[in-house]
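Take a look at this single chain in structure tokens; it is the form predicted alone.
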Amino acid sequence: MALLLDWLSTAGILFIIASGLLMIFGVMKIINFAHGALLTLGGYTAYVVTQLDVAPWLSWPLAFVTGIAVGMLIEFFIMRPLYKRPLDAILATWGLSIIIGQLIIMTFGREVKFADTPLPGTWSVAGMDYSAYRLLLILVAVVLCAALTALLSGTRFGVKTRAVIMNEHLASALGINAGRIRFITFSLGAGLGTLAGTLITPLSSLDPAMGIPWLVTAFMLVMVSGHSMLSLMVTCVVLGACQMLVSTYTTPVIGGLSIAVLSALILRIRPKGFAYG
């Protein structure tokens, strides 16, 4: 039972981390290398809430709103002029991540910090005590996957988004404002990134470089999953199980590398990864 819960919670955490990156990549075909910095920003949001000695739950909406606001600024001032130059856009997001990291260091220093968990203690599952917060993250991942899938598949915005993904020029010719779709999508993806940083921070320590390893993991998951939130969840479940097993029976360091290695093998055998179709 412990291995099963570890597997599910690992898959849930991976989905939470990668969903914002996939949201942006699916529409813009650009990997947002500032995603790691946004994760870190979300983590420090949780730390600020802890220092203010208010309810840790407040860090969730605060991080999400902060991420959306930052995403709006990034899209309008940095990404919008670079849509036709994808390589420059990727380099711009990488440079932006460095700038955000330095601003965080200037504000909070380099010391390791910690944030309070919104749900301390354990819950009993099949007679075994397990971290209540990790169980909550499983539920959060499922709800997030369902909500994003419903948004992209069952709403007018989702229909327009899929049209832009499939053929932006044709979608524009049909009267869809592709620029507005990109603006909303990038802002939402950034908000999901900062929210993810806040959600995972109570599980570990916090430092200005915490987002870098998560960025690498999220990048590989997105490359394997394609454009669908459901395929991303499948990817997280499969590769999360591999990471958990490797970490359990070898070392966490090797387990951390397993996703990158397995992703490369999957893409070598199946270039479209787990994408449908």
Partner chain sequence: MDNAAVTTPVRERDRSKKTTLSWGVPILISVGLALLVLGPWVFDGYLLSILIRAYFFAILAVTVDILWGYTGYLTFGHSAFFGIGAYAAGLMFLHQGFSGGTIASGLALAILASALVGGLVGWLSFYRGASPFFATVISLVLPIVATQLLLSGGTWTGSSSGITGYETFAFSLSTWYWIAGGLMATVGLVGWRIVRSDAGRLLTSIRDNEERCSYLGINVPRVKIILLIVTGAVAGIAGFGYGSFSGVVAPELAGFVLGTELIIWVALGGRGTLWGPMIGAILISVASAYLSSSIPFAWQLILGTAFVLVIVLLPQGLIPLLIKPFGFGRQSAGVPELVERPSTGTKSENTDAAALRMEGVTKSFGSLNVLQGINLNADAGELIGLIGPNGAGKSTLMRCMSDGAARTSGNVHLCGRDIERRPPEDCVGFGLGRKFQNANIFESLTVAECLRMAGTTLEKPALFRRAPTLALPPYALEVVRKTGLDAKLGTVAQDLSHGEQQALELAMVLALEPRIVLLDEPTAGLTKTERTQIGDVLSSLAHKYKLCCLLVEHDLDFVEEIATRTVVLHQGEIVMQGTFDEVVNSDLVKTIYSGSHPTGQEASK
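Just so you know, these numbers come straight off a predicted model, no measurement behind them. Residue numbers count along the first chain shown, from 1.
The same protein has a further form, the form predicted together with its partner chain, not shown here; the description that follows concerns it.
Checked against its partner chain in the model of the complex, the residues 133, 157, 94, 183 give one hit for a heavy atom within 4.5 Å, which is 94. Site annotation in the model of the complex: the residue of 98, 126, 166, 143 reaching within 4.5 Å of its partner chain with a heavy atom is 98. In the model of the complex, its partner chain sits beyond 4.5 Å of every heavy atom of residue 170. Remark: residue 31 counts among the residues lining its partner chain in the model of the complex, judged by a heavy atom distance of 4.5 Å or less. Taking the partner from elsewhere, residue 178 is found to have every heavy atom lying beyond 4.5 Å of its partner chain in the model of the complex.
Using a 4.5 angstroms limit between non-hydrogen atoms, residue 223 touches its partner chain in the model of the complex.
Taken together, the three residues 90, 216 and 253 all lie with some non-hydrogen atom within 4.5 angstroms of its partner chain in the model of the complex. The stretch that touches its partner chain in the model of the complex, counting heavy atoms within 4.5 Å, is 74 to 82, out of 143 to 151, 74 to 82, 198 to 206, 116 to 124. With contact defined as any non-hydrogen atom lying within 4.5 angstroms of its partner chain in the model of the complex, the contacting residues in 240 to 265 are 253, 257, 260, 261, 264, 265, given in sequence order.
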